[in-house]
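Shown below, as structure tokens, is a lone chain in the form predicted on its own; questions about how it binds or moves come after it.
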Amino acid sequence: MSDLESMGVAFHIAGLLIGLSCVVYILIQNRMDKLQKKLYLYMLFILVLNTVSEIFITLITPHRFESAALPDIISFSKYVYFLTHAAMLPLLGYYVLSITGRIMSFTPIRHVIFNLPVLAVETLMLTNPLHHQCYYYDKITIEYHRGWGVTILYVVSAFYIVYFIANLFSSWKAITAKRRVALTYFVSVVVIGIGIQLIFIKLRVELFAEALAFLGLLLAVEDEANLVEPELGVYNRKALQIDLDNLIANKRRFHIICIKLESADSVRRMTGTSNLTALAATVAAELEKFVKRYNIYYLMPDTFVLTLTRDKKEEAKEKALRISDRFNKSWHYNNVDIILSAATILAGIPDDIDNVEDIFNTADSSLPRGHQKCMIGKDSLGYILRRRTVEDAIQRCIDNNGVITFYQPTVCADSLKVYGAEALMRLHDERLGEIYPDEFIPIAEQIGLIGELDDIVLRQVCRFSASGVPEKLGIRSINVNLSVLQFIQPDIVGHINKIVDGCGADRSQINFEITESVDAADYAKTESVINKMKQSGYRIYMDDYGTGYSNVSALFSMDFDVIKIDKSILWGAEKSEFGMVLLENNIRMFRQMRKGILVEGVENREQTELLQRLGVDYLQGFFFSRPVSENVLVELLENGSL
């Protein structure tokens, strides 16, 4: 055996080991349901078979004269090599098409055209024993010789290489940068290997080059460890981003189904498990009955997204309804039968949603109150599109002085004279106009901008207070709402002091309102912060009493100065005897606790007189004034209109 032949065997053995290692790794992953994976594995099997054939041929060729059967065995091995290797490049072509997403738009005619060149070559190779135009062995020396058929094979190979290079560049934006590099590397290494072996026939490096290329693809494309939720076996948010970018870049029409579990936390508490992933795994397994595993994406403990790339509109709708119906039935989880409530959202791309950002907004957004269990199409997704515009508007208002503070006066119950005012945030956007708190505050909390909004309002209030105008007009203090998210921030008291003192305001003229709905886990911290704020000179109000489900004993162990009774309790007192009892008992309880009492929602004289008889301290509502701007408030007070 010559040195070149020995080197060829070494290259083939190395290629075989690389190929087998890749096969084992892919099989261990156990994710063979995707076409891309199947194509990759088919090519690896061909590589392994080809390297075994070449090693066998090279090792027994020196002994070809020792047995009459050996020449036939060598010839058959070469025959198997050519038949299988000719199919490698078309498989590579399909593989690249599957990665770029172009294969989904292939029509039957395009498949036929794509396969015609390889069918011609395979026919030529298959019939080689009859015409010997591809290759042959000299009958005397039993040496291998190429024929013109091998040249045809290389020409066809060049066709497929050019084809998927062109496809790669035309789909450049449809794949990630990592995959672009991997495919470029793959094509380059294969072309170099083919070119070297074409020129230097005895330097057998083509299969080794292919093995290196496959190894590169394994590391950069086929290794999905960072794209799969290990405990669920389905794809994650990053994988969804990659696949959505691919589908939209290829202008594919498809549907998504978003499933938002609404009772996950209550189920977790009921079943006693602290691991929501176990619950999600149960759901993921059930979803595989509706779609393929590679079309399921797990975004967060309560959210799944399914992609339907081949379903027509009616088929997608029917599937969404079936999934929604499944959540109306019981689930056997953790040895308990439970009802797992969920909302199912169906959207068509691009008919209902036309970009990746809005798809993720759909999945991440909290659902509106009173939503349907199954929401289908654009009409049901208006709140998502509106949410995105509101998010942009919030940032614009912060940047362009669009955050405005309105004031609603409070009056003393006995004299009906102005006592103070509550600062209320409003947004005025140059594009959307007025945006009201019920809409923008929950969104601002979710996107992390509520703190900036609260700070802007606090500064405006402090500047107004520091001007001395409110005090001259009888306003003793101004109440500022503090969101729960702000309230639990580290060193919130120091942060507030810095703003108030920086504006030159008197701390005793600034009150803070904190909502009743503080999580029980935060009681200790809430009490500590309240004490620090009172020590700093502020008065603290409990806002919206009667709207939450707080532990009354724990809440009133905190040192609130004033309790604001929500308007629903006042209005309920007018509707029923029970409502009146509730109002009277609450007022009596607060009196015994020596708390100040403010009632919201006062809209007429009868309500005013009732509250005066019951002995509350302060009143607030439209009967006295709606929320007004700073200038209007000053004007009303100067004119004695309140």
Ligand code: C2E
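Everything quoted here is computed from the prediction, not taken from an experiment. Residue numbers run from 1 along the displayed sequence. Each form is matched to the other, and the largest set of C-alpha atoms that superpose within 1.5 Å is called the rigid core.
Keep in mind that the form predicted together with this ligand is missing from the display, and what follows is about it.
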Even though the partner isn't displayed, in the model of the complex is R426 close enough to this ligand, meaning a heavy atom within 4.5 Å? yes
Partner contact for Y136 in the model of the complex: this ligand, 4.5 angstroms, heavy atom: no
Could you tell me if V602 has a non-hydrogen atom within 4.5 Å of this ligand in the model of the complex? yes
Is E224 a contact residue for this ligand in the model of the complex, using a 4.5 Å heavy atom cut-off? no
Given a 4.5 Å cut-off on heavy atoms, tell me which of 344 to 352, 454 to 462, 96 to 104, 242 to 250 is the interface stretch with this ligand in the model of the complex. 454 to 462
Please identify the residue among E430, D337, D438, E318 with any heavy atom within 4.5 Å of this ligand in the model of the complex. D438
Please tell me which of H255, R180, K260, K567 lies within 4.5 Å of this ligand in the model of the complex, judged by heavy atoms. K567
In sequence order, the residues of 456 to 488 that place a heavy atom within 4.5 Å of this ligand in the model of the complex are V457, N481, L482, S483
Quick one: core overlaid, is F487 moving 2 Å or more at the Cα between this form and the one not shown? yes
C-alpha of K564 off by 2 Å or more between this form and the one not shown on rigid core: yes
